[in-house]
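Take a look at this single chain in structure tokens; it is the form predicted on its own.
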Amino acid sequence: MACSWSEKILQLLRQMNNFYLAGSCRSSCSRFEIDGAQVGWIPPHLVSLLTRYPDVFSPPHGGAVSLHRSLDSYGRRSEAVDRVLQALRREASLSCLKGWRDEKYSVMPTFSDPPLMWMERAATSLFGVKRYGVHINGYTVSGSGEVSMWLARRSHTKQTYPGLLDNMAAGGLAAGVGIKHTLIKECQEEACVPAAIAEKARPVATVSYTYEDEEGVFAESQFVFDLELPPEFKPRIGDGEVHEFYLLPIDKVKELLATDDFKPNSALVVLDFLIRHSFIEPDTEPCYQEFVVGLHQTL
């Protein structure tokens, strides 16, 4: 069992970092640059579509696609790119734009840099723009020290990964919104966790990975928080994004990680929890180092 469990986890990590593997689209992607700084990767099929908008995107040069020189401010860049995306959305040839959300995500080289523009969330994978989110591990500790974790079953009508297991609460980081604010909002909206409890969550890690699929390049980094909940507390379904909550012993959670029942990036967040809380140890897990490396890749 142990060996096959480890192999399944390695497969998950390879899948979530497949952009770094030989044979990925990385070698044929163009760098997406703004003001000389790389902010993403553009797959070849999109590069050819963007050449139709020369007043917004300069022709590919030296392996990079840049925004036109005249777009020299946050507002101008954001509005010009949004006009292009709205036009491409009407053509309906890019499947990811069917999931348009009217959510603005910040575009910048690294998280600590000032944003250079905003972009519609559904389009970020087309440009391989780094996306950030917040994930909350909700867990309890019994009087005898047994750890159990609250997992959410996603609603069967969710746009992405319907019906799969997930962290107790999680959400993307919208442009201009803080991390702690997002955490408290998602806890309240998804799991009815009062702010007074949610703000006790501790920032513990980031989990970063980059994968490609038919919709583009997903370069993601999740800010991870641990929230120890009172044993008597039960999350409740809030905004309808969750079908049900389960409180499961940590051994059961570990077992579920190696199944197809888990949303893949949330499985990585739980794997990180298991490592940090010593439920996975280097003496007994031969793939310990591969696990740690696979959870902390950079764009």
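Nothing here was measured: the structure is a model prediction, and the numbers come from that model. One rule holds for the numbers: they count along the sequence shown, beginning at 1.
The next section is about a form of this same protein that is not shown, the form predicted in complex with another copy of the chain.
This chain is displayed without another copy of the chain, yet in the model of the complex the stretch 269-277 from 42-50, 269-277, 62-70, 229-237 comes within 4.5 Å of it by heavy atoms. Contact with another copy of the chain in the model of the complex, judged by any heavy atom within 4.5 Å, is made by just one of 78, 148, 208, 155: 208. Contact with another copy of the chain in the model of the complex, judged by any heavy atom within 4.5 Å, is made by just one of 141, 195, 87, 179: 179. For the marked spot (282, 286 and 296), a heavy atom within 4.5 Å of another copy of the chain in the model of the complex is present in each of the three residues. Although the partner is absent here, residue 159 lies well away from another copy of the chain in the model of the complex, with no heavy atom inside 4.5 Å. Among heavy atoms of residue 225, some come within 4.5 Å of another copy of the chain in the model of the complex. Another copy of the chain is not drawn, but in the model of the complex it has no heavy atom within 4.5 Å of residue 95. Under a 4.5 angstroms non-hydrogen atom cutoff, another copy of the chain in the model of the complex lacks residue 83 among its neighbouring residues. Applying a 4.5 Å heavy atom cutoff to another copy of the chain in the model of the complex picks out 110, 111 from 83-111, in order along the sequence.
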